[in-house]
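Given as structure tokens, the chain that follows is alone and in the form predicted on its own.
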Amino acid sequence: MQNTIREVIESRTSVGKYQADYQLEAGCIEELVRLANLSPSAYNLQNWRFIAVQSNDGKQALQQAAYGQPQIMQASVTFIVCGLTQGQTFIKETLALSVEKNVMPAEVATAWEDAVEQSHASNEELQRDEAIRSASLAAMTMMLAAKGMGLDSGAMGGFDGQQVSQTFQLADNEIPVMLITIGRAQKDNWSQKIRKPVSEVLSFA
């Protein structure tokens, strides 16, 4: 593991070429998801799901939905990061463990459940926004976790969402937000691309 979160962030690059013979064990994949699952989400909805595409058949199907991009076949695993809508239907179950473990009072959980019911139930735009926000936070956590474990990753937005949903049988309330390829990079990947200066992206109010 690398020493600090700063080192992880500064050394992470977006990888497009992987060592095709490098394989991740199931325990490593589960650890990546465990760490991603620690990401923040509104009302602690945890409105995400991860599909680890690792089999050859799965990779071929996903590659077809991703316009033939070769890194899906090369990477050890590609995660389909899904955001979940309809949070009002599962928040009670999601918060129950925090109440049981005395992390939050039952009355606070009930208040959150009521708030999500009122704000989400008839607002599909909010549901979608929350699903994409949460899944994106979890995806970034996963990429940083991968780098901290000595792995490389790349985020992919180039795919046919409808085809991914159909091929991998996503539920009606699941949105395929992005793909995350993870494995060991080949040596001929680009270095981290140059970022804008802080003065150009920061303002104070």
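From 1 onward, residues are counted along the sequence shown. Everything numeric in this text was worked out from a predicted model, so none of it was measured.
There is another form of this protein, the form predicted in complex with a small molecule, and it is not shown here; the text below is about that form.
Asks: Name the residue from 170, 145, 61, 156 that puts a heavy atom within 4.5 Å of the small molecule in the predicted bound form.
Replies: By the 4.5 Å criterion, the partner-contacting residue is 156.
Asks: Which pick from 165, 41, 141, 69 sits with a heavy atom within 4.5 Å of the small molecule in the predicted bound form?
Replies: Only one option qualifies, and that one is 69.
Asks: Does the 4.5 Å heavy atom contact test between residue 12 and the small molecule in the predicted bound form come out positive?
Replies: Output for residue 12 is yes: heavy atoms within 4.5 Å of the small molecule.
Asks: Do residue 195 and the small molecule come within 4.5 Å of each other in the predicted bound form, heavy atoms counted?
Replies: So residue 195 counts as contacting the small molecule.
Asks: Test of understanding: in the predicted bound form, would residue 45 fall inside 4.5 Å of the small molecule by heavy atoms?
Replies: No - in the predicted bound form, heavy atoms of residue 45 and the small molecule never come within 4.5 Å of each other.
Asks: Is residue 178 close enough to the small molecule in the predicted bound form to count, meaning some heavy atom within 4.5 Å?
Replies: Yes.
Asks: Have a look at 86-94, 100-108, 69-77, 119-127 and name the one stretch with heavy atoms inside 4.5 Å of the small molecule in the predicted bound form.
Replies: It is the stretch 69-77.
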